[in-house]
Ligand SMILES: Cc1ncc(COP(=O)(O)O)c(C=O)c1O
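This document starts with one chain, in the form predicted alone, laid out as structure tokens.
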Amino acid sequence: MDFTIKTRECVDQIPPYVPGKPIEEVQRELGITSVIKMASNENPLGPSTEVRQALAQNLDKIGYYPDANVFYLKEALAKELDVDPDMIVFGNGSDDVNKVLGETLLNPEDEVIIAQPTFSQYEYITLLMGAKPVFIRSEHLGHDLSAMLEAVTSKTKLVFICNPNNPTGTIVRKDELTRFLTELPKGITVVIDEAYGEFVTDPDFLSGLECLKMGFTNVVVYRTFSKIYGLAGLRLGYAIANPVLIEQMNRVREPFNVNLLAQTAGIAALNSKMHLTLSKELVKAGRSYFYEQLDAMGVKYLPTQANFILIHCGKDSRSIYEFLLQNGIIVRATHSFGLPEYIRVTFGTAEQNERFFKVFKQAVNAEMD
């Protein structure tokens, strides 16, 4: 049967999103049961005990619509961050917040400056709105803020800075960021995406929230409960920004875009201080272990401030990715990021990290034979 439909021209330009494979898919396709996922930068500890208890206690409420204004979670988060509640907007994950911001700000022909490589959803919303992405590649696979500043034109509307950057784990230094924000022409919004900000240990890191409090009112900060809080499956993210912009975003966002259980879990997660500490310690130990093992193997990698690491495989990484997959370890091939010689690996538990290297060494040896 013939089917013809005329979609918006921009739709064909949007590259399909390539997610990490879910465990169930690998089990189903390969017929194996022992599978670990180290592909999507999730917290291997999962949610805290407090979150699990809160969810169990609120299951009877899911027959009702959630609070469209996310009042109690917003109040709790505002207190935690020491900001006014009207500076916060929530979404169905930070991807949703990103889409709302793009729909609020971008017109066709606007220009959006994006580092390369970085998170694909910045390009997605730019193309969806008919705007023009301007890609700036850095020699160190992070953000070249000087080059990004030089790329600004009268059409520039938005700049994305992923800090730490996904998929590289690199950060923008404090002096670099303040200089960039100071020299940037007025009227340009700067998104600082801190999905992995809680994992940073480098003292030269400056958070976007601090930038806002320093008076850079054009900054929008993205954060998420998906990573360190272990709530990826509930989809809960938020933006912090000038109240005037937040009010405009609230006009655009869908009603009830944050489900009831996500709101419940978010409040409980904010009170889970021990879980936060354990999650940070797990990542810190994972970094040290990966550095030690990779150095001993002579394998190159990028030092990271996130809960994942970008490993250089020396040539196209597809065969190593497939070898790991066949042995029940899901990592992220980074071809979609324009990095065909790398894999991105999420730090797991000590046992998962050890299992990864046992198989990874076999994969590397097989490549050398």
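The model shown is predicted, which means the values in this text are computed figures rather than measured ones. Quick note: we count residues from 1 along the sequence shown, nothing fancier.
Unshown form predicted in complex with the ligand; subsequent notes refer to it.
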{"item": "Partner-facing stretch of 137-145, 224-232, 262-270, 170-178, counted where any non-hydrogen atom is within 4.5 angstroms of the ligand in the predicted bound form", "value": "224-232"}
{"item": "Position in contact with the ligand when the complex is considered in the predicted bound form, options 95, 123, 198, 110, heavy atoms within 4.5 Å", "value": "95"}
{"item": "Listed residue (216, 205, 289, 119) with a non-hydrogen atom within 4.5 angstroms of the ligand in the predicted bound form", "value": "119"}
{"item": "Any non-hydrogen atom of residue 191 within 4.5 angstroms of the ligand in the predicted bound form", "value": "no"}
{"item": "Contact test in the predicted bound form: residue 166 vs the ligand, heavy atoms, 4.5 Å", "value": "yes"}
{"item": "Close approach of residue 162 to the ligand in the predicted bound form, 4.5 Å, heavy atom", "value": "yes"}
{"item": "Close approach of residue 236 to the ligand in the predicted bound form, 4.5 Å, heavy atom", "value": "yes"}
